[in-house]
Ligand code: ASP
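Just the one chain here, the form predicted on its own, laid out as structure tokens.
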Amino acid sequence: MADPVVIATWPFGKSAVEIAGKQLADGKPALDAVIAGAKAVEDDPQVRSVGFGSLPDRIGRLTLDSCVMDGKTLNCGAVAGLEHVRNASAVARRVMEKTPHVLLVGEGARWFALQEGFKLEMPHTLEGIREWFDRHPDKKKDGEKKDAARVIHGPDDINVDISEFNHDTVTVLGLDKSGSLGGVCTTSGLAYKLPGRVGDSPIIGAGLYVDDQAGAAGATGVGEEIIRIGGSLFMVEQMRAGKTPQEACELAARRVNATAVRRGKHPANCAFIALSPKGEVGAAATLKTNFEFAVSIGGKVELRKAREIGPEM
């Protein structure tokens, strides 16, 4: 019988590992536990990058992305661009359980959620909307004349660098008493993103991958760069080949850096977590990400600082 382990991204993932850790201690399956933990973060209005209360896209629409995966069966499900439904992770699980598909998007994902009994809700909070207005890239500067009502953006607007706005994701990975792994990745995506943008979080193999025979891995940060390297599947395959979770995470961070150099870009802020079938954990981030992650091992919950990997010159 395995000792339960949970690992989650960012300090706000602490609530996720606390809830998931208790469920695992009670004998719950890994997937049940990690989704329960992720839902706690989705429901926290103080978290501006996951769930309701997050910062919307460029035109004020709040859309949610999520995926889930069962390491025992490799069953998985995901939603992207989901509006007005609170828990994207729970809807992603329904996609896995009730459909032959892996990913539903936009209006289709919302209609599916309604058919499954989810309710339509207003996703915005007053605090979130205030922050969205205050930090908006199109906000008028002193003495500058802009059409405040404009919602159709020209090329100059599209090219505004918004990569440093909120793009934090909660990814939760768990190992249950039976030795099985489960994972969930959920987010509201990049703040001020162009409408329709989807990052790595709902993409199996990018934001999340889980396989009992090799390990579980997840990512957070600038989704475009994580997609570019197939981040989570890359880490799981590294563990399958004999690397430790820590080594796999560091290799993923190095690959992000190297890919950026090849493209003539500065490395993006990305971070990675991994969990082996033996309960070993790992985490690494690109330089200056200041990435902390939460861990629950044997019921003890703590925050740890990930190792930062700089670009190789």
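Worth saying up front: this structure is predicted, and the values here are computed from it rather than measured. From 1 onward, residues are counted along the sequence shown.
The next section is about a form of this same protein that is not shown, the form predicted in complex with aspartic acid.
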Using heavy atoms only and a 4.5 Å cut-off, determine which of 223, 231, 215, 182 is in contact with aspartic acid in the predicted complex. 223
According to a 4.5 angstroms non-hydrogen atom cut-off, is residue 203 in contact with aspartic acid in the predicted complex? no
How about residue 176: is it within 4.5 Å of aspartic acid in the predicted complex, going by heavy atoms? no
Looking at the partner-bound form in the predicted complex, is residue 94 within 4.5 Å of aspartic acid by any heavy atom? no
I'd like to check something about residue 77: if you look in the predicted complex, is any of its heavy atoms closer than or equal to 4.5 Å to a heavy atom of aspartic acid? no
Per-stretch contact check against aspartic acid in the predicted complex, the hit in 194-202, 68-76, 130-138, 237-245 (non-hydrogen atom, 4.5 angstroms): 194-202
